[in-house]
Structures are given as structure tokens and as C-alpha cells.
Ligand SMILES: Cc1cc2nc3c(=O)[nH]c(=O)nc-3n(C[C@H](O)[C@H](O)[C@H](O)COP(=O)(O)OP(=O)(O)OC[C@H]3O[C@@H](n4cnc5c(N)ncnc54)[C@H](O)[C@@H]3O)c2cc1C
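Okay, so here's just one chain, in C-alpha cells, the form predicted on its own.
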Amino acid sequence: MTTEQMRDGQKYDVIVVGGGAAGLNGALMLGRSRRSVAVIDAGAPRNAPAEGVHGLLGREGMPPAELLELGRAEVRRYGGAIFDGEVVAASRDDTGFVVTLADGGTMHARRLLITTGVVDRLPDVPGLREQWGRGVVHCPYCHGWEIRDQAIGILATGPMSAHSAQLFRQLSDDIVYFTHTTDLPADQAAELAARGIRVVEGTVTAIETADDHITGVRLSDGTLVPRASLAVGPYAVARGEFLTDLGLPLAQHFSGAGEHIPADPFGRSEVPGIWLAGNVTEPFAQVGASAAAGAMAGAQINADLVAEEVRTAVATRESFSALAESEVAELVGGESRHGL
């Protein structure tokens, strides 16, 4: 992917931190509103290991990198700039915000749109990470069709795991639920049993593979449970540490499945001037939902800038009117004093 050369100290209406679906769609909306916008992308998309994007109308199955390349081209078409880089700090300045990159460069913007996504923390089970995004999946809507009718294992990691098992049960009759290091409440155990989902207790010690395909799940007692794929819910942590000094610390997501930065339905954060979209604020959002959230945030930012510009224009006009009235009064007063 080609990117522009950044000049230190450049100023924009909006800086978008993160160049995934949410960030690019936000930048697209802003560019089409004739805003100067820059996207800064660290190049670590969450879905990079996946073969294709799913559930996105008109782009079903497209490789993630190809989708991003198309998005970048569309942003550039409307004057947006795209830079490779990692933002490590953000602070306020006289006109809005200044972001600092890992290489020491700085950029300025009136508003920020944060779309940095999350880091998925996976269970420390040998063989699991190597299969992440292929034989090991997390979302029935992102990958379920591709593993339909297979022998699927569910590795329990938290309160959402039993729910995940029920969703994957829609896709296969052969589901095994591995409790691993978690406790299974009686009501959830009853629900799993009612749907024919077998529960296997014991700690999982390895994911066995052959020819780069999963063959089974190994337990601490040596038992191997044959499986062709495994679903696991990672603990998703928002990439937003650089916002802490601005008053936006990470918070526990209501699901217990990770840490996010809260935002309202329009993407507005608790700090004026900063918007969020995508997985950084909603860990469960798929590509389509993230893109939609980015578009909403971009439109809201443009509206916010317009409102600011209207206030400035009104204040300027009133100031000129007051000055003109003062000059006329002074002129009239002078003429009166001179008997003219």
C-alpha cells in the first residue's frame, strides 16, 4: 500500500487515527464534505489473518488487504491523505489537538477520530495462536459458514462462551464445549445439554495439528478430543493508551469480553473534540458495522465543525457591526463638536 510523505507539523481539520474500515469510511465522509483529513495507520488490522471479509454486502469474501486498498483509493479521490505511522501520544493545543508519532513527528488537527481497533489477547495454549484466523476462529458470523458441518470445539474463556457455543450449534451438529479453566453455571450446562452440545471438563494443554490443519484438542490428562476447528473468544483490549492523558482511559466492556473506550451512538466520546468508531469502542462490531460507525462519526464531526464555524462567523460579524457603529458615532460626535 502506498502512502504519502508526512511533513512535521502539518495541520488538518481532522486526523483519523487508524486506517481500517471505520477510519477510512469516516475519512471518506469528511473528504466528501471538503474537510482536510489525514489518516494515520499503524498497519496492524485485526482481521489480517483472515482469508476474506464476510457479512459485508457487495464485498463478500474479499481479502481484507484488498478492501483496505480500495478504501484508501476512495479517500484519496476526495483529497484525503494517508500516512503510515503509529500515534503514541495526543494532547491539546491552541487550535485543537496535536498527535505525536513513534518517529517523533507531530501533526495538528481541530478534531480527532479514533479508530485504532483492539488487540486480541488469546489463551496461552500451544498451537492456538498459529491457527488464529484459520482453524481457530472467534465469530460465527465472520467464519461460521466456512466451518459449517465440521467437528467444532468451543474453548471457554469467559461469560460469553456458552452463548457462542449456541451460535455455532446453528452451523454444526457436532459441537464440544471445553470448560478449560472456567466454571460452567448449572443453567448454562442445562441449555448446552438440551441442544446436544457435549461438555468436556479439564484444562486444555495444546491444539494438535497435521499439515497445518487442526486435528484435535489435547487435555491435561492426555486425552485427545478430535476436532477440525476451534472457536475461542479472545479478551479484546482497545488500542487507546495514548488517550489516557486526554481523559479517555480504557473501561471494561459490559459483556466482560474486553476493555473499550465508551462513546455515544454517534461516536462522540466524553472528551469534546474526540470521536470514536469501530472496535476501539465496540469490540463485537464486524467490518460493516465498523464502517457504518465511521461514516456516522465522520458526518457528526463535520456538523460539529460547521457549528463552530457558524459561531465564529456570527461573532465576527457582530464584532464588525459594533466597530462600525462605534466609528459612525465617533464621526457624528466629531462633526457636532465642530459645528458642522
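A residue's number is simply how far along the shown sequence it sits, counting from 1. All values reported here derive from a predicted model rather than from experimental measurement.
The following text describes the form predicted together with this ligand, which does not appear among the structures shown.
Note on the interface: of 26-34, 268-276, 39-47, 301-309, the segment with non-hydrogen atoms within 4.5 angstroms of this ligand in the model of the complex is 39-47.
The single contact residue among 96, 105, 85, 123, judged by any heavy atom lying within 4.5 Å of this ligand in the model of the complex, is 85.
Using a 4.5 Å cutoff between non-hydrogen atoms, residue 117 counts as a contact of this ligand in the model of the complex. A residue is said to contact a partner when one of its heavy atoms sits within 4.5 Å of a partner heavy atom; residue 285 meets this definition for this ligand in the model of the complex. A residue is said to contact a partner when one of its heavy atoms sits within 4.5 Å of a partner heavy atom; residue 59 fails this definition for this ligand in the model of the complex, lying far away. Contact check for residue 15: every heavy atom lies farther than 4.5 Å from this ligand in the model of the complex.
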